[in-house]
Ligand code: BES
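This document opens with one chain alone, in structure tokens, the form predicted on its own.
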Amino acid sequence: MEDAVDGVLAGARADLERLVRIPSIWANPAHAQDTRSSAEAVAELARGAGASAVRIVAAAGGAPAVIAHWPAPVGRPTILLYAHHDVQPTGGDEHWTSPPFVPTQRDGRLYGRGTADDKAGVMTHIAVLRAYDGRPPIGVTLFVEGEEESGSPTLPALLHAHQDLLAADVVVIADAANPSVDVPALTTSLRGLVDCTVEVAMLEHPVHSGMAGGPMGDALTALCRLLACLHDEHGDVAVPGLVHGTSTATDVGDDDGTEATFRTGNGVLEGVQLIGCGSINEHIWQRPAASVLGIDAPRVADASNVLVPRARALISLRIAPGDDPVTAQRALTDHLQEHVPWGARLTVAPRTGGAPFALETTGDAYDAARRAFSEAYGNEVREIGMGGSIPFVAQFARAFPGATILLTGVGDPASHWHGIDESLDLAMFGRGVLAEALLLAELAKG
């Protein structure tokens, strides 16, 4: 199998670059046609890899997705291979070392928006099918979504409308990462997400800061005091009632250089302390996290000597496996209402929400994955958690309750998903393709 994979990697890398050149930012309406072009390119790749049927589908108001099928030999199972072809906004092209939609190789890594998240996932699947010359040993359904970076709002409708086409015994979701370029991982837990906008109101209109300041507070100061209630003195989330999860993931200590890797990978400034008690991985995988993502207030350059009557902020709350988004949203709202200062009027408006998830890691499919990935990478598979949220994993579990779900990927800590200078380690990409190809062979054994 290794020779077959080696024979397709150069072409897969070239097609990955072609996909990266398409700015498929579905979240930006200006790139709607680019996202459609991206779906058409993926459909073309599926046909070229021997698919017996290829469809571009979309729910009402949703992005185009691709469904392609390779029928199962008699008596063999079917695997659903998932990835997404939409990408995040760039965060400012001027901040990138090389243009985000011009794939560029430096030091064994391919840089560009989508190189890791998640067009590498798309091309991992396509490369595996090419390695089998379009005749995989088990049935394969390829499902490439187009709006994951927007929260997959129409995915439930797609799963419902095409449930028969997408039904499978095993689901591989190629949208996760590994702890390093040569150590494979199966992601077994995901945090959920609760967002809300809070507004603090103090005055009917702005008033002179000299004439009223003193007995009269301002909304921006009140908002700052309110936001401070999200954490205790150690930096742990102070909202009562939130779940602290547990996990079967194996790497929860900091004795292997985790803190140094974390600080370097995230650009933590020298001297800045990490917050909270406990290990980094325990925090990211098993505990809630509260962040203030934005504040609506006058810019310093535009400010004048008046008390601000109203101020708003966007709060993001990641919730641990075992928690519930509705319960967590209520706990957050109650906590904010309890701590709003000076009798200020508080409005809390919930926004997006997504459930956390913990995967069951026993059974034949997981045993097959451990064998395949360990052989391909030359190192044992680790089970890890993910601090980010992938709400659609729970949607797949609900849609296909009998299927085993495997969450994999070819990112690593240096990939900078969603960030500036996103990149893919090309050697790891090759190992990821080999691992998935070996997984299909293992599943064919029954």
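Note that the rigid core is defined as the largest set of C-alphas that superpose within 1.5 Å between two forms. The first residue of the sequence shown is number 1, and the count goes up from there. None of these values were measured; they are calculated from a predicted model.
Here the subject shifts to the form predicted in complex with the named molecule, a form of this protein not shown in this document.
Heavy atom within 4.5 Å of the named molecule in the model of the complex - the one residue of Ala176, Leu155, Leu129, Leu226 that qualifies:
By the 4.5 Å heavy-atom cutoff, the listed residue in contact is Ala176.
Can you pick the one in Glu149, Glu282, Asp236, Glu199 that has a heavy atom within 4.5 Å of the named molecule in the model of the complex?
It is Glu149 that has a heavy atom within 4.5 Å of the partner.
Taking heavy atoms and a 4.5 Å cut-off, does Ser389 contact the named molecule in the model of the complex?
Result yes; Ser389 sits at the interface with the named molecule in the model of the complex.
Report whether the minimum heavy atom distance between Asp117 and the named molecule in the model of the complex is within 4.5 Å.
Flag for Asp117 set to yes.
Indicate whether Trp417 is a 4.5 Å heavy atom neighbour of the named molecule in the model of the complex.
Answer yes; at least one heavy atom of Trp417 falls within 4.5 Å of the named molecule in the model of the complex.
Considering only heavy atoms, tell me if Ala358 and the named molecule come within 4.5 Å of each other in the model of the complex.
So Ala358 does not count as contacting the named molecule.
Just one of 272-280, 201-209, 141-149, 363-371 has residues with a heavy atom within 4.5 Å of the named molecule in the model of the complex, so point it out.
Stretch with heavy atoms near the partner: 141-149.
Looking at the named molecule in the model of the complex, which residues in 310-345 have at least one heavy atom within 4.5 Å of it?
Sequence-ordered list has one entry, Arg318.
Exceeds or equals 2 Å, Cα of Pro325 between the shown form and the other one, core fit:
Pro325: C-alpha displaced by 2 Å or more between the shown form and the other one.
So that I can tell if Arg106 moves, could you say whether its C-alpha shifts by at least 2 Å between the shown form and the other one after the core superposition?
No; that C-alpha moves by less than 2 Å between the shown form and the other one.
Please determine whether the C-alpha atom of Gly353 is displaced by 2 Å or more between the shown form and the other one following superposition on the rigid core.
After core superposition, the displacement of the Gly353 C-alpha between the shown form and the other one reaches the 2 Å mark, so yes.
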